[in-house]
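Look below for two forms of one protein chain, each set out as C-alpha cells: first structure 1, then structure 2.
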Structure 1
Amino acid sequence: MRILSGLQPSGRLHLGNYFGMMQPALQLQHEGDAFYFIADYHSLTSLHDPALLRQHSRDLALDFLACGLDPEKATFFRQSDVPEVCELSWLLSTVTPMGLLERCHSYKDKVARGIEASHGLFAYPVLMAADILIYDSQVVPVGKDQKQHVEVTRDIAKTVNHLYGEILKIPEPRIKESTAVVPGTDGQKMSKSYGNILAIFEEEKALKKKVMSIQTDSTSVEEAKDPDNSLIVSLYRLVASPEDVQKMEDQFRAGGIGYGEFKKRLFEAIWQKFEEPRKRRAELAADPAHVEQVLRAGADRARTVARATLDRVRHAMGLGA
C-alpha cells in the first residue's frame, strides 16, 4: 500500500497540523510504503521570501524527523527535488475542467484572506493531484480541509483513465475524524492565518503565555463548569492520559477550581507530550548535514517512482516518439 502526504513549509508546526495530519501519517508509516514530503512548490503560492522559505523547509524537515518520521521506513523528501511533478501537473491541467477548480474552497478562502490571486494559487489542486498520482498513491492522510483536494485528484485521475486507458491509481483520503478540526486559542479552527496557534516547538514562556490566553467564559472559580463546551478540555484530551482527562472533567463539574489552574495543567501536559521530540529536534538541528542527506536519499528514491509514472503518462498521451 502506497501512502503519501505533504505539508507546506509555511510557518511553525502547530497542534492542529500535528494531530490533524502528522500523527496519523506517522502511524501509517508502519502499515505500508509511505512517502512524505515538504511541499515547497506549494508554499511559493503564498511566500515570496527565498531565505524564509528555505528556513521553513529546514524547520519542517526537523519537525517531521523529531516527531518520529523514520527514514528507514518512509521516503522523506522535498517536493522540489522531484521536478517531474511539475510536468505531470501540466499534463493533468490539460484535462482539468475550470469549474472543478472554481469550486475549491481553499482558493476562495485564501484570496479572501488577502493572498494574491495568482495562477499558481488557482492551479494549486492540480499540482497536489500530480503529487499524489505520480507516486501511484492509494492512501492520503490529511486534515479535513484537504479532503476536497483529494476528491479533485480522484476526478482528474478518472478523466485521464477514461481518455487514455487505466494508467493512474485512484487514491482515497484518510481523515482521522476525532482530530479532524483542532480548535485554536480563540475557538476557531487552529490555523497560522488566524493567529490562534499553539506551536509545538515554541519557547516555553511563549507557549505558556499562549495557553494562558485561551478564551474562557466568565464562570467564577467556585461555580461548576461544563467540560463539554470547554476549549481547555478539548485540547487537554489531545495531550493528556484518559485518567487525567477524567480527573479534569470531574473537577470542572465539581467547581472550586478556576480556569487559570486548568490552563496551567494543560500547558504542562503539552510541554511533557513533546519533551522527547523537543530533545530529538535539538540533536537533529545540530547536524544539518545528516538531515540534508536524508532528504537527498529520499528524493532519489521518490524520483525513480515519479519518472516511471511520468513516462507512462507521457507515452499514453502521445508525447515523444
Structure 2
Amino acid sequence: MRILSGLQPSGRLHLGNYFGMMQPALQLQHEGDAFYFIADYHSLTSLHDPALLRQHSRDLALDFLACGLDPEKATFFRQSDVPEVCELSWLLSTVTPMGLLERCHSYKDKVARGIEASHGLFAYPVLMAADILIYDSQVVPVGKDQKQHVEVTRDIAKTVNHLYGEILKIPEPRIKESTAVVPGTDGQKMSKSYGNILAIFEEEKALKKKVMSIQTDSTSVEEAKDPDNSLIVSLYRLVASPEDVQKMEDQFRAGGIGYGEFKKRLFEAIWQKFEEPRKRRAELAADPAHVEQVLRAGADRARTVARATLDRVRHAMGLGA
C-alpha cells in the first residue's frame, strides 16, 4: 500500500500540526510504503522570501525526523527535489476543466483571507493531484476539509484514463474522522495565522508564557469548574496520561484550585511529552549534512518512481519518440 502525505513549511511546528497531521503520518509509516514530502512548491503561493522558505523547509525536516520519522521506513523528501511533478502538473492541467477548479473551496477561502489570487493559487489542486498521482499513491490521509482535493485528483485521473488508457492509479482518501480540532490559546483553531499557537520546540520560558496566557473565564479558585468547556483540559487530554487527565477533571469539578495551577500542570505535561524529540532535534540540528543526506536519498527514490509515471503518461499522450 503506497501512502502519500505532505506538509507545507510554514513556520514553527505547533500542537495543531503535530496532532492533526504529523502524528497520524508517523503511525502510518509502519502500515505501508509511505512517501512524505515537504511541500515547498505549494508554499510559493503565499511565501515569497527565499531565505525564509529555505529555513522553514530545514525546520520542518528537523521536526519530522525529531518526532520519529524513520528514513528506513518512509521516503522523505522536498517536493522541489522532484521537478517531474511540475511537468505532470502541466499535462494534467490540459484535461482539467476550469469549472472543476472554480468549485474548489480552498481557493475561495484563501482569497477571502487576503492571499493574492495568482494562477498558482487557482491551479493549486492540479499540482496537488500531480503530487498524489506521480507516486502511484493508493491512500491519501486527509482531514475533512481537504477531502475535496483528493476528489479533484480522482476526477482528473479518471479523465486521463478515459482519454489515454488506464495509466494512472485512482487514489482513495483516508478521512481522519477521529482527529479533533486542536484549540489555540484563544479558543479558536490553533493556527499561525491567528497567532494563538503553542510551538512544540519553543524555548522553555517562552512556551510557559504562552501556556499561562490561555484564556479562561472569571470563575473563582473556590468554585467548581466545567472541564468539558475548558481549553486547559482540552489541551491536557492531548499530552497527559489518562490517569492525570482524570485527576485534573475531578479537581476541576471539586473546586479549590485556580486556573493558574492547572496551566502550570499543562505546561509541564507539554514539556515532558516532547523532551526526547527536543533532544533529538538538537542533535540533528548539529549535523545538517546528515539531514540533507536523508532528504537527498528520499528524493532519489521518489524521482525513480516519479520518472516511471511521467514516462508512462508522456508516451500515452504522444510526447517524445
Ligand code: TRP
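Throughout, rigid core stands for the largest set of C-alpha atoms superposing within 1.5 Å between the two forms. As the structure is a computational prediction, the values presented were derived from the model and not from experiment. Residues are numbered by position in structure 1's sequence, first residue being 1.
Between the two copies of this chain, it is structure 1 that is the form predicted together with this ligand.
Taking the rigid core as fixed, one finds a CA shift for A316 of 2 Å or more between structure 1 and structure 2. After superposition on the rigid core, the Cα atom of S234 is displaced by less than 2 Å between structure 1 and structure 2. Shown in the overlay between structure 1 and structure 2, fitted on the rigid core, is a CA shift at C104 of 2 Å or greater. On core superposition, I167 has its C-alpha offset by 2.4 angstrom between structure 1 and structure 2.
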